[in-house]
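First, one chain by itself in structure tokens, the form predicted on its own.
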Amino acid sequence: MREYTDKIRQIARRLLEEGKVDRVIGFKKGSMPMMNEPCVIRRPQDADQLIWDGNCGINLANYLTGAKDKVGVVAKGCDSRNIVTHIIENKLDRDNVVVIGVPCQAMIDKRKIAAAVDGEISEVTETDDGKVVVRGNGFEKTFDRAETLQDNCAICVHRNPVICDEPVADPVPEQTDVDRYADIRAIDAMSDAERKAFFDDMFAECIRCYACRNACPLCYCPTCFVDESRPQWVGKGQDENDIRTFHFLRAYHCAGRCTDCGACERACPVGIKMRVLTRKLEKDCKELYGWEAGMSVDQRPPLDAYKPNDPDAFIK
């Protein structure tokens, strides 16, 4: 992906030199393998810090909320859709953002790679022929890149940015042969007892660190419902009902807005697969309203606007 990196640097340098933006938000090399870090550059000469590879999974739209200055941002498909959502929800002025659009070739999952090797990883390299080479103390192992992808990337159908001011490369082919909701239908088919057991097991390791909330570009409320005290909607402890309430209610707050960027799962320190909640709501919005979040700045989300022909079977 060296050509992506070179192009991103060229664009960022030019935008800053020409004064079209005050800063550019992108990625720089992290201090640990597979952990690239978001960074902000304000000077053209700092553009060489920017990089792009399969470890840029953090959603940079999270750093745009309420921006008042001119900002350039490196954005893959899901990031761009969250930028659209920010614009629709009046958290970002379209005139204040320059989207440096990256046709995404999917992000790799650091957990999958770490679980597949023995020992501490010192270097991970992606090759031009679709391989991922992992090196550590006394070992080297090569994977097919397709085996290492984040779960959300493996089923992504919107890899190209939906809004783009400065394209980094030509669009990549979109996936058309994936079933995004096979696991959701399996959960829907469970009995009530089976479904309860499924979610009890899923949330059993939750430590209430709120990393999922903090990483999510949709969670920008000044005071989160978990921090409200008058009234207190949910307890702060490890009671299983409080844990379930946090996860389910946070998912409902993302209904009709989530782009399945995977930021929540990527940030979770215990590996909870919480995307089953948001994808269930994504599936319902698509089937009931024909809606996919963040695809157009000109259309209001279905839960944000009333239409006389809206489905009403839930009304008793």
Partner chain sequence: MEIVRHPRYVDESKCIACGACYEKCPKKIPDTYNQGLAKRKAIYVEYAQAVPLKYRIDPDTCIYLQKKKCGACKKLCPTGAIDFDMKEKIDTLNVGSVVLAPGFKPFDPSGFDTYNYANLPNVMTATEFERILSASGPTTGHLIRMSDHKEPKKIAWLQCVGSRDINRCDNPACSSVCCMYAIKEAVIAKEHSGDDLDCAIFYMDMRTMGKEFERFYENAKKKGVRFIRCRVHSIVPVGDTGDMELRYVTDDGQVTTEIFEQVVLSVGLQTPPELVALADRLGISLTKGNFCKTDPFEPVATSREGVYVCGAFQGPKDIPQSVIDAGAAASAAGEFLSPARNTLTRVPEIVPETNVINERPRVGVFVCRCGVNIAGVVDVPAVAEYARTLPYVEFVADNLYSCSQDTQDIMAQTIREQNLNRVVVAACTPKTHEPLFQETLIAAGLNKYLFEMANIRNQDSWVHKNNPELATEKAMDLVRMAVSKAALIQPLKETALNVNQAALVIGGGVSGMNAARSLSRQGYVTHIVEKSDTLGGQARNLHTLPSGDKVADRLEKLAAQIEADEKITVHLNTTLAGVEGFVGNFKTTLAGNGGEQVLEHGVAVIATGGQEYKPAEYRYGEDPRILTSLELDRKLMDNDPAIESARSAVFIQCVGSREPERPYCSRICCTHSVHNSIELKRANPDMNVFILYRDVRTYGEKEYLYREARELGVIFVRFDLEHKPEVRKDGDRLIVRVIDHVLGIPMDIETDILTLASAILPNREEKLARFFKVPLNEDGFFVEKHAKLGPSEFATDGVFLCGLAHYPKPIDESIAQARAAASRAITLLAREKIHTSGQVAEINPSWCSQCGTCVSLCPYSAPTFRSPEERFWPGKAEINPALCKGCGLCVASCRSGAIHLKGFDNDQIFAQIFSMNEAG
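Just so you know, these numbers come straight off a predicted model, no measurement behind them. Numbering follows the first chain given and starts at 1.
Keep in mind the form predicted together with the partner chain is missing from the figure; the text below concerns it.
Undergrad: Given that the partner is absent here, state which listed stretch (154-162, 74-82, 89-97, 177-185) has heavy atoms within 4.5 Å of the partner chain in the predicted complex.
TA: Heavy-atom contact with the partner occurs in 89-97.
Undergrad: Answer with yes or no whether residue 253 is in contact with the partner chain in the predicted complex, where contact means some heavy atom within 4.5 Å.
TA: Answer yes; at least one heavy atom of residue 253 falls within 4.5 Å of the partner chain in the predicted complex.
Undergrad: Hey, in the predicted complex, is residue 189 touching the partner chain, heavy atoms inside 4.5 Å?
TA: No, residue 189 is distant from the partner.
Undergrad: Hey, in the predicted complex, does residue 223 get a heavy atom within 4.5 angstroms of the partner chain?
TA: Taking the distances in the predicted complex, the answer for residue 223 is yes, it comes within 4.5 Å of the partner chain.
Undergrad: In the predicted complex, does residue 279 come within 4.5 Å of the partner chain, counting heavy atoms only?
TA: Residue 279: no, not in contact with the partner chain in the predicted complex.
Undergrad: Which one of 228, 170, 201, 129 is close to the partner chain in the predicted complex, taking close to mean a heavy atom within 4.5 Å?
TA: Spelling it out, the residue with a heavy atom inside the cut-off is 228.
Undergrad: In the predicted complex, does every one of 4, 18 and 70 come within 4.5 Å of the partner chain, counting any heavy atom?
TA: Heavy-atom distance to the partner chain in the predicted complex: none of the three under 4.5 Å.
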